[in-house]
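Single chain ahead, written as structure tokens, the form predicted on its own.
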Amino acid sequence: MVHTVLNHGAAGEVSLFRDVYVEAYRWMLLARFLDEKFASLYRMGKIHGGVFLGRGQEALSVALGLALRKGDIFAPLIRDAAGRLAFGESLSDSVRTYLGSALGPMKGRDGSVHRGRPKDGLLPMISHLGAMISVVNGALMARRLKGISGMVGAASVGDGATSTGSFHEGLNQAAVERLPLVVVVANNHYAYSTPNERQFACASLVDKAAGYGIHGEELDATDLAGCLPALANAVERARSGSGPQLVIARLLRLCGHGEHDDASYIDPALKASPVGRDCLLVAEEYLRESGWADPVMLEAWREEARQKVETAVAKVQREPGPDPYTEDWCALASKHLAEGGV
């Protein structure tokens, strides 16, 4: 995990930046193969429910996951496989939730994207429409009341979430309370199929930051070299007491909203523009041009990622699903708080 502010232009930090960049790329690669496997399993009828891919968002996601550290709180979005993995989620947790294994973190009882381990700071997603901002706020307030300091809470949302009341209420509360919150908005130009121009009238979503009295910045999320220092700096500003940070990331979803959606509504001009670049390919090109990886090394990393995913899926496919006739199940972790509990 990145525990320092990165500046890849400083001579003394080139080696550090290289190591972090390579690590980030390999998490992106693993996330891409994992997503592609889920898409394949969905088309085979092996996954029930939605499958939402992070294709095109991996650079932004992994940069946030790496910027956080143990003890921080992360509320990922539906397309945050790379960030989840970088933050510490195991391949097994991801695969088990999608395939409904009783051995997974949700024990096969919840939707494929609603997974997490709250005790480890990874929050299960309620909704991607801004609802998780207030949940992160609550976790940060609880730590403040306990006298715990030095941690950061991060919430990922999409551009459509910025049009919701939950986004406003959560960000307004965080600003008033000066919480160490980082809100990352993946502006993929469509709230499902609704384009930006039908969502908001401001020139840029970063303009909203001034209205809340917080720091805001905008970045090109197709460029891993820009995402890594930008997210690391945002997290460190929040950690050092500078209050909430709003990061607006420009990118394009390189797939449908879910595997059920053909994305025929996306403007071809956007696909052909710089915002339509594949961040994974951009990262590969940067690695080659920097002399940090050659074609043989890149292929070896691809094969390693492929094998890790295939091994995890093969293992989980042999695991049992939940048995409603034998399990003593309770929705609350503390059973004595449940109705009829003792």
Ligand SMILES: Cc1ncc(C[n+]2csc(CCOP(=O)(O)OP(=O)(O)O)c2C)c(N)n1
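For every residue, the number given is its place in the sequence shown, counted from 1. Keep in mind that this is a model prediction, so the values were computed, not measured.
What comes next is about the form predicted together with this ligand, which does not appear here.
Visitor: Is Arg96 close enough to this ligand in the model of the complex to count, meaning some heavy atom within 4.5 Å?
Guide: Residue-level check for Arg96: no, no contact with this ligand.
Visitor: Looking in the model of the complex, any heavy atom of Ala238 within 4.5 Å of this ligand?
Guide: Result no; Ala238 lies far from this ligand in the model of the complex.
Visitor: Arg84 versus this ligand, in the model of the complex: is there a non-hydrogen atom within 4.5 Å?
Guide: Because no heavy atom of Arg84 falls inside 4.5 Å of this ligand in the model of the complex, the answer is no.
Visitor: Look up in the model of the complex whether Asn188 has a non-hydrogen atom within 4.5 angstroms of this ligand, and give yes or no.
Guide: Looking in the model of the complex, residue contacts with this ligand include Asn188, since a heavy atom lies within 4.5 Å.
Visitor: Would you point out which of 67 to 75, 155 to 163, 211 to 219, 135 to 143 contains residues with a non-hydrogen atom within 4.5 Å of this ligand in the model of the complex?
Guide: Selected stretch: 155 to 163.
Visitor: Would you mind picking the one in Leu129, Met106, Ala175, Leu254 that has a heavy atom within 4.5 Å of this ligand in the model of the complex?
Guide: Spelling it out, the residue with a heavy atom inside the cut-off is Leu129.
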